[in-house]
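This document starts with one chain, in the form predicted on its own, laid out as structure tokens.
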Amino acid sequence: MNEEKQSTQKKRKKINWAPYWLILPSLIYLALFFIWPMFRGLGLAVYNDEAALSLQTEPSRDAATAGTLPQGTQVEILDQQGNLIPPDEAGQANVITEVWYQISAEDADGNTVEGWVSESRIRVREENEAGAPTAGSVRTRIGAGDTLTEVYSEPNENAEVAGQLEARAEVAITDQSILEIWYQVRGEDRNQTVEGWAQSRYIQVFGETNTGRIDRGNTGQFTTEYLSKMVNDRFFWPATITTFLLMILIIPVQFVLAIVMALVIQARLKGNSLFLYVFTIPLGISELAVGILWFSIFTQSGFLNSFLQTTGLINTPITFLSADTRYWIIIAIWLAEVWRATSIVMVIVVSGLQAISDEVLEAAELFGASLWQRVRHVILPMLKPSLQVALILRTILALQVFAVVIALSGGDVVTVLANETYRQYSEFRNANVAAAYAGLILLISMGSAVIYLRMIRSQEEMAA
């Protein structure tokens, strides 16, 4: 008996790993292509990678940190020095560099002098096949009291002086080094003076060369700066209001039309297949093509004006799409979106109707229920799972309306959140504010999905 119990317990403890292995690729896909990009995108909206600049106690990357100054801080430039820079960093933006030559020459006493001289003091006269300088002469100092040029033991003006050369002395160039300028700066942060060294790539030097500002930092911080810029953007509130207005106008009409279209198909009338093909035609047309199509309808020489003039309802063409007729642009966008995306909702509703048993509908009809009563008390309650999916999908699509708006309004007279996301990224090159707009669209989409899931629940969900 005990052996049988132990055998039963062992069987119960055995875990079926097959479902977990099957779902693993989906989890990896979500992590790589949804969760990670989403967090990176949201990070752009609330995190500034260049918020502050860390100053070093010495002009070296390995030196200790002397303090930090926020981006945009006005600074006083106290000194400057060149340090070796890796070749792959020499071409980066805002990097100020200088070239030093390692030379060999004879001084006025005939002694050999070897060391480093700044490029500004050497006139190159010979180069090898690769274009590297091999020989030159010392430049003449104009207006200087001391005409001699100092040669340093290292490519640095603070290094030990190895000798001096007269003007026009012939030199052999054996090597060269590229140095990045480091600035010793001093600035105020929260009424506290911070002084230290920073690379030229982070400092914008003003004309007089003794003042400047922190152009960008190397230390990140969380910030609400980009969210504030988004909210204070002059297009933010018009875009938000128009987006919600279109959602309110589009979604109810689409659902009514989609249910009617689905019921027509479900009725299995003669020529039922033709109805299905006609209703699904917009599914094969891109959003931009739909926008252009409806633009050709509403333009001054378009189909609508031609029809009204032909029927004698108007004498001259009406300007529908202009800054003075903004409401007509919204109506045109509404009609274009209803025509374009109702088919998507219809397909989902048709799928839900096919899951409803014919016996249920026949029983309701047998008990004397009218079409409206069958729709209200039988069909719609049983369509709740499909309506959830359709509402969530359609709301997300309504928030992403973009190409139709561009085609019909140019994106300025009437604008939406998706258009402002594109404008910030493409025209203003501000990925952070664009990420803030995208994050707002994401939050609205997720919030609306939660609301739909809570409000439209099936009887099984409500019982649970």
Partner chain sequence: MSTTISPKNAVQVEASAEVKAVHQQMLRQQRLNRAATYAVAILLVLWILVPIYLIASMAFTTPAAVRAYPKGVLPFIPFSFETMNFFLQSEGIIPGVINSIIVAIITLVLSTLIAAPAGYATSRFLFPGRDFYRLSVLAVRAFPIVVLSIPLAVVFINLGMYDSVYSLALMHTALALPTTILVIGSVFASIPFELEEAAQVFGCTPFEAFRHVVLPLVLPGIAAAAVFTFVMSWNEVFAASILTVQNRTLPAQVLAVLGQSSEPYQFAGAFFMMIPALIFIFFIRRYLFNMWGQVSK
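Here the structure is a predicted model, which means the values were calculated and not measured. In this text, rigid core is short for the largest set of C-alphas that superpose within 1.5 Å between two forms. Residue numbers count along the first chain shown, from 1.
The same protein also has a form predicted in complex with the partner chain, omitted here; what follows describes it.
Stretch-level contact check against the partner chain in the predicted complex with heavy atoms at 4.5 Å: of 168-176, 291-299, 125-133, 97-105, the positive one is 291-299.
A residue is said to contact a partner when one of its heavy atoms sits within 4.5 Å of a partner heavy atom; Trp372 fails this definition for the partner chain in the predicted complex, lying far away. In the predicted complex, the partner chain lies farther than 4.5 Å from every heavy atom of Arg61. Remark: Tyr29 counts among the residues lining the partner chain in the predicted complex, judged by a heavy atom distance of 4.5 Å or less. None of the heavy atoms of Met247 is located within 4.5 Å of the partner chain in the predicted complex.
Just one of Ile356, Val389, Leu84, Ala162 comes within 4.5 Å of the partner chain in the predicted complex, counting any heavy atom, and that one is Val389. Only one of Ile77, Leu276, Val194, Ile251 lies close to the partner chain in the predicted complex, with a heavy atom inside 4.5 Å, and it is Leu276. Residues of 389-404 placing a heavy atom within 4.5 Å of the partner chain in the predicted complex, in sequence order: Val389, Leu393, Ile396, Gln400, Phe402, Ala403.
After superposing the rigid core, the C-alpha of Met38 moves by less than 2 Å between this form and the one not shown. Relative to the superposed core, Leu24 shifts its CA atom by 2 Å or more between this form and the one not shown.
In this overlay on the rigid core, Leu366 has a C-alpha that sits 2 Å or more away from its partner position between this form and the one not shown.
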